[in-house]
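Shown next are two forms of a single protein chain, provided one at a time as structure tokens under the names structure 1 and structure 2.
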Structure 1
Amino acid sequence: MAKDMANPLYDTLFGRHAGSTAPFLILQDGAEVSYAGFLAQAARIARYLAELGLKPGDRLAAQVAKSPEALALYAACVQAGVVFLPLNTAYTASEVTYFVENSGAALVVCDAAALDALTPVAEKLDAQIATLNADGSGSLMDGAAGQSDTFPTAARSGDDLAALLYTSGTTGRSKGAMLSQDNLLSNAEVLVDEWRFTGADVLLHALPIFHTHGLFVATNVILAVGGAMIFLPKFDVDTVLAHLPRATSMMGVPTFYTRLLDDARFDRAAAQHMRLFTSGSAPLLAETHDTFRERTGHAILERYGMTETNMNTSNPYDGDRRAGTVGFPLPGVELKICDPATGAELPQGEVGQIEVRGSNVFMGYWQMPEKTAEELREDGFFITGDLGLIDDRGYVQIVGRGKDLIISGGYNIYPKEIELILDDQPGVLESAVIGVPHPDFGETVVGILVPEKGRTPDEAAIMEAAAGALARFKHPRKLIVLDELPRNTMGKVQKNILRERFGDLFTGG
């Protein structure tokens, strides 16, 4: 990586394509956005951000639909040195309020439909607000229109903060993972080599662009090689099948692959021309891997990463892609399996906490030094909260989670956040939220309620309260009332017992 660049992330991913008329984005309707057109739009947005007074290091919170303009906003932030803070479009206004407040964002960009709810939030927190709608309209683009197509790229170093991605925590409070330019760039460059990406690649992109997977893994890799992306607003089987013939590669969460396998049109012929399918963000069942291979002849390449670390491990491009494993540590990533209690490294084959170190690992949590110290060791190893082992062939297997986390369709859900809401409801003494197997989402959310003595909780009212506070994907898909929660001798709720008891709610016949 060229350390002497004025803005390594911008120069390496974006600036080098200046003047290129090659296609960068291929849209659902077949329209194309060239690299040159994309960069000009990004520069116009960067000009407008500067006009609004945003300076390098300022945070910009964006809760916007996936569109070429939304991606150009990311590029504009990198060029202007503004820290990009993308937010899940499913978040409610109350969830967004926390992120804006915690990050001290200088500008909030949202859909016009959210303007009424978010304007008071922005006003109270002294942030400006602009709109960007799914069709590319809105005050952000109005302000960018007519600006110059070039922008004097802000000088940044590899250690400067490029993005702030919030990840929920076991205490129920989200933490902003600080990702430096180097964190993002080093990982993109490693993945290009490991997965053999070139300028000839056309990546089918159906992931959201507010998370590591869709924004950094997929987009940065394509930008690094000057390839193209079939840029779909969301994952939809019909649309994906229609666009697959033009693609060379696809990245997805396991739900993408189980949904494709559920459709008989997805057969060997449909996938024959493809070079690579990768999966991550949630465990890919060995059964899905095997069925996919039988149906298409392709072995899905599974890799393992997280918001704080980008990608850590990958199955090999050449060589055995083993079902049920996440492969080997990537070049430059050190990975060890440690005793959760002592932190001591465990012998090969034993199950323990996965810890990782490398230039991929984030800088810490935004303004939370204690949380950072709890998870990021002084020697640079990050305690992932995932439990795993290294098998006799050196492949990493993830066998569980030390952290109380549910992953539904690739979205992380921390039970504590939901329990806090449920506990607050009239008639509820306490609650426990668990994840149970789900045929489509992998896992889904179930809420267990213990009523106050002599009371019957109003389940409909409780679901309504959850809906007002939490993004749709976090809502319990079922509520169950129990007289009491199983506890161990220390008084800790035994969620494993609940998971066993209610484990087949969605999968049992």
Structure 2
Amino acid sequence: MAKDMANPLYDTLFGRHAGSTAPFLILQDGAEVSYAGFLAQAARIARYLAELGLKPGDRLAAQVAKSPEALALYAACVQAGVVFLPLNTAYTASEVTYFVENSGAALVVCDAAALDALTPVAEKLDAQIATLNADGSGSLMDGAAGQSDTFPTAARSGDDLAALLYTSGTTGRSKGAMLSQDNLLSNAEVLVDEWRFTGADVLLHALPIFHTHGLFVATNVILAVGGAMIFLPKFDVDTVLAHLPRATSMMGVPTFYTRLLDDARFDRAAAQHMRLFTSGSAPLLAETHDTFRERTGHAILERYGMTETNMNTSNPYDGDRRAGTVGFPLPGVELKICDPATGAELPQGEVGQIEVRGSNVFMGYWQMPEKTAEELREDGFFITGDLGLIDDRGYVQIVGRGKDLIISGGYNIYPKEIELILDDQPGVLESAVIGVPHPDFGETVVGILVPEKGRTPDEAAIMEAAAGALARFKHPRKLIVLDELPRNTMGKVQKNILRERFGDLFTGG
């Protein structure tokens, strides 16, 4: 295979750095991995994958801890034309069985601790299995160790499948979102421009890499410019504060920022050298945004994306980053607010379903043509399932997921509107509003409150405040105080768990 065969994703993100001794990864212990060293390791893994019989288009499922080797496995898959399928490290063996079976993965890479549980799964589904541990050891790296440092890059086109990412599947079976080379590359290039990334950037990376945020948004942007990443295994306040002085930028989820704000060491001096903080994967409370700005002088840049689309919108780099909004559609992304029932576009300011179209939007769901047809319109618009509005200044606001909409007595109630009132009350750190079954109204509103440290929210006063601010049909019928809200690994509140837990409050089940 000729060396100059086109593989847009590999050539643009990885291949261009061949021979570069510049640092790519800065590890927790201070060790550095150069671009050249990283690419050599990726090539050795690609050679080993080919030796195992994997061909372009084959799927590789990886359920492994975050490590430089795990990232090199992603690069190896891109170079070899193998479709990369990263899996949440929290998934059980039975959950992994579904992903391997559904994807038809040719190889499963897992931690050695999961080998006994996953070997029968792989054997049953005619997949090979290899191990990769958090410290970089395992049969995958043993097999790659003796291989050549170069690999003839597989020819791929922009339309070819690069990755399969499974949605979290809170309703029904998880769906495999098919992301092409162009989907990933176009989004990375747009974000480089929008967020002003350059080769001088050092990104503090404490996100997981089984998710689009840490793998494609953070990593691909840095690769596109030849910058460096401080590559931490997970978010830990002490570790982040120790490494922050070397960073210029950080991508995080809201929990990262609330934890930093809980630590007195995180002040204006600790953040003064930083260029950019971004937040995503879950809504950022306006209070967190405001407190962060007061403490550090930095306005967190909030943006909006999802597994099927990567990034859709962003608050501006230059200009007003408005708390409670996710900014404007990115260049090349069309966004409209539509009536969920008819699909007709709604006037500015009205709440409806968010639909997006652009080169960032996925190819469809793996082996689910009916699901694809339901959510991806023939004209290319993807029905996100998120509810939102476009305000009078053109900023997009997310008001919740369609499945979180509460219909009480025939009225539509958007939880976000009530949560904003509850979040503002004395003693309340954050809230989640859910709909639970009600014998008279079909559904009714329940507010879940998390108190601020050392405070006890005054439920009667909160009910009174809600009554003064909201129409009667939106009033919470009950308030419940919990120590914390259930969240997934990316910090999203799992309202489905709350609905299950409190679903029989009014039905006596």
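Whichever C-alpha set is largest while still superposing within 1.5 Å between the two forms counts as the rigid core. Structure 1's sequence is the ruler for residue numbers, which start at 1. Model, not experiment: these values are computed from the prediction.
The second of the two structures is the form predicted alone. Each of 403, 452, 282, 266 except one sits more than 12 positions from any hinge; the exception, lying at the hinge between rigid parts between the two structures, is 403.
Rigid-part rotation between the two structures: 159° for the smaller part relative to the larger (C-alpha based, whole degrees). Here the two forms are laid over each other by their core, and the C-alpha of residue 434 is off by 6.3 Å between the two structures.
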